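Take a look at this single chain in structure tokens; it is the form predicted on its own.
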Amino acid sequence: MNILIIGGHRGIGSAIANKLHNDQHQIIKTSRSYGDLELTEHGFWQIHCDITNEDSTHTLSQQLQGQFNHIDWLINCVGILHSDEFMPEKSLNQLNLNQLNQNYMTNAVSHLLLIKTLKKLIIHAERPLVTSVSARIGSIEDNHLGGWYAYRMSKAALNMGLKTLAIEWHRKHPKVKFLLLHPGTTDTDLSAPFQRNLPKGQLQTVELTAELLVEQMIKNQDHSSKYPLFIDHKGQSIPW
């Protein structure tokens, strides 16, 4: 299979790339640190992409279409929770427009614009699967703690966006399937500031998370729902 992993240079994306590469699939990884499309000595394709920039995603699509006639799996691992400028909000008083905009653009809007740009490559696959790494914290029903406004709202927006797209494409391109996957708490830069108070055994390695997520992709590649499956790394459904 031709598998495109957005954000495949580090963290969960890199671990998924290594897992699937070992299974003999053709892996294309993106990162803002890469250049034009090239095949590395390790057998990975790599290419530059900043999914928050439409020009960058159009260039990505054009270069991929010059080398591949379809993408079987699109896996989007890009997301933001905190940065050097901000941490998750604990109260309404900490809400600010820059943080909301960055979370919304990176975690929600860019995923939809990316799929729009890559549409031709996706729908030409025999059994196309579109997967976005979401989060349980994006569940409206499951919100019992409050806080983390920008992250919660942006992940809920991602879920709604992919559900809306799945309904549209179920009519036009019914063979395309969608997954929204909660990865579990994983030892990455995203979770690093919040690991201190985790219960023992809850923190997963990126390798374990990648193994569990790939298992769910394989298991649910041909699911029958016209909606995305919103599930966790163990295959349990998450309420919208």
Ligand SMILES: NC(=O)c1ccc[n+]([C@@H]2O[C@H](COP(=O)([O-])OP(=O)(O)OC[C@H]3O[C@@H](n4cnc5c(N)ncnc54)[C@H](OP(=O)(O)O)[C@@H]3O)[C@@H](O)[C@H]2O)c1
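All values reported here derive from a predicted model rather than from experimental measurement. In this text, residue numbers run from 1 along the sequence as written.
Only in words, not in the display: the form predicted together with this ligand, which the text now covers.
Colleague: For this chain shown on its own, do T52, I80 and Y151 all sit within 4.5 Å of this ligand in the predicted complex, going by heavy atoms?
Modeller: Yes, all three are in contact.
Colleague: Just one of T185, Q26, Q65, T59 has a heavy atom within 4.5 angstroms of this ligand in the predicted complex, so which one?
Modeller: When this ligand is considered in the predicted complex, the option within 4.5 Å is T185.
Colleague: Using a 4.5 Å heavy atom cut-off, which residue among L162, V130, A108, A135 comes into contact with this ligand in the predicted complex?
Modeller: For this set of options, the contacting one is A135.
Colleague: If contact means a heavy atom within 4.5 Å, which one of 87-95, 162-170, 70-78, 139-147 is the stretch that engages this ligand in the predicted complex?
Modeller: Every other range fails; the passing one is 70-78.
Colleague: Answer for G11 alone: is it within 4.5 Å of this ligand in the predicted complex, judged on heavy atom distances?
Modeller: Yes - in the predicted complex, heavy atoms of G11 and this ligand come within 4.5 Å of each other.
Colleague: With a 4.5 Å heavy atom cut-off, would you call L190 a contact of this ligand in the predicted complex?
Modeller: L190: yes, in contact with this ligand in the predicted complex.
Colleague: Given that this ligand is not shown alongside this chain, does K175 nevertheless sit within 4.5 Å of it in the predicted complex, heavy atom to heavy atom?
Modeller: K175: no contact with this ligand in the predicted complex.
Colleague: Consider H42 of the chain shown here, and say whether it contacts this ligand in the predicted complex, taking contact as heavy atoms within 4.5 Å.
Modeller: No, H42 is distant from the partner.
Colleague: Can you tell me which bits of 16-31 touch this ligand in the predicted complex, meaning any heavy atom within 4.5 Å?
Modeller: Result: S31 alone.
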